[in-house]
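Next up: a single chain in structure tokens, the form predicted alone.
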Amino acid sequence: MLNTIITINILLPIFYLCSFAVYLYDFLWEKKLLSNAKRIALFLTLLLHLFYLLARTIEYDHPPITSKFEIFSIIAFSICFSYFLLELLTDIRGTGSFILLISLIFQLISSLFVTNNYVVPEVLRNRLLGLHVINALLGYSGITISAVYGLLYMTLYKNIKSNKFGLIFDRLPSLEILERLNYFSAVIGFILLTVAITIGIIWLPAAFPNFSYMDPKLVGTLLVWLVYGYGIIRKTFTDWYGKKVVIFSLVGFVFAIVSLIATNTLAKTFHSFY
């Protein structure tokens, strides 16, 4: 099993690079023959990555969350999976190269520096903890993808206002579709953060005698959840649309990044009580 894990760890950046290359080639030259091929390439990459994460979990008897380089691999998978889910829901396939580049970078760093660690604290072997962390990372991945679509929206908006009708104008979806992708990504992120917070609130107090609801990471994640929840409610039930929604999502993303940096500074481990 160990040799298989090492081999797949080497192969994963290559698979991500191939998927990114196919999406980028199709974006630049719009080859219809690649429309289904790139989705198949992405699916195979996700399948291989899922097998890799499961194999590491079985081989080392802990979820792959015990080091930042293991977590980088989960981030790569989370971003890629969130995009794949979004593509299936909307059938819009022209923006994958912008998203997959992020996954490629995270997985390349992970593959280069990840270590094989059998000795970890017992609490890190808990499957519920792994589910909690993975859902949180998936949630933040959805928020990240939402921000990418927000930036693409603003880029296209600026080009249209400046009467620049080049490659970006020709290849990107319309402003309306980019806004929809921005919104759907935020919704996916919000739902997965909800699952992560729910698991944390139910399981963490039972697992840690020193648990505190004022834990910086719990408070930070809850604040991000409230910000995006407010934005989703405003978008759903009021006349929010277009640039207002996109700017709000970008501000929310900046808030989420600042929150992550601040809470990781305050809590040296994955939670301050551990």
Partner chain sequence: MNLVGISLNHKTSPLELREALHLNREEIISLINRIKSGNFSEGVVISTCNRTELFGFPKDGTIDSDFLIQQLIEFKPVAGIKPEHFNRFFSCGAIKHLFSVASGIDSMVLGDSQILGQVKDAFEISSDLNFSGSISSRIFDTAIKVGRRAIKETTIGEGAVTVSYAAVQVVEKIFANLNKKSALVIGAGETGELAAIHLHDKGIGKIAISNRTISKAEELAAKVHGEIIPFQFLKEHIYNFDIIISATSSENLILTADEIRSAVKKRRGAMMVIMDIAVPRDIDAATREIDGVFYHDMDSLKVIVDQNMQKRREQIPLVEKIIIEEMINFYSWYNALDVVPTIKAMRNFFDDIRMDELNKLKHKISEEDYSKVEDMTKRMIGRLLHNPTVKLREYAETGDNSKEVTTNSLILKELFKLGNNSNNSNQEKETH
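None of the values given here were measured: they were computed from a predicted structure. Positions refer to the first chain, counted from 1.
Below: the form predicted together with its partner chain, not depicted.
A.B. asks: Taking a heavy atom within 4.5 Å as contact, would all three of 35, 37 and 44 count as contacting its partner chain in the predicted bound form?
C.D. replies: Checked in the predicted bound form: no contact with its partner chain for any of the three.
A.B. asks: So which of 160, 112, 85, 128 reaches within 4.5 angstroms of its partner chain in the predicted bound form, heavy atom to heavy atom?
C.D. replies: By the 4.5 Å heavy-atom cutoff, the listed residue in contact is 160.
A.B. asks: Can you work out which of 137, 148, 102, 172 has a heavy atom no more than 4.5 Å from its partner chain in the predicted bound form?
C.D. replies: Among 137, 148, 102, 172, a heavy atom within 4.5 Å of its partner chain in the predicted bound form occurs only for 172.
A.B. asks: Going by heavy atoms within 4.5 Å, which of 139-147, 173-181, 76-84, 94-102 lines up against its partner chain in the predicted bound form?
C.D. replies: That would be stretch 173-181.
A.B. asks: May I ask you to state whether residue 239 is within 4.5 Å of its partner chain in the predicted bound form, using heavy atom distances?
C.D. replies: Because a heavy atom of residue 239 falls inside 4.5 Å of its partner chain in the predicted bound form, the answer is yes.
A.B. asks: Would residue 243 count as touching its partner chain in the predicted bound form under a 4.5 Å heavy atom rule?
C.D. replies: Heavy-atom contact with its partner chain at 4.5 Å: present for residue 243.
A.B. asks: Does residue 188 reach its partner chain in the predicted bound form if we count a contact as any heavy atom within 4.5 Å?
C.D. replies: Result no; residue 188 lies far from its partner chain in the predicted bound form.
A.B. asks: Can residue 197 be called a contact residue for its partner chain in the predicted bound form at 4.5 Å between heavy atoms?
C.D. replies: Heavy-atom contact with its partner chain at 4.5 Å: absent for residue 197.
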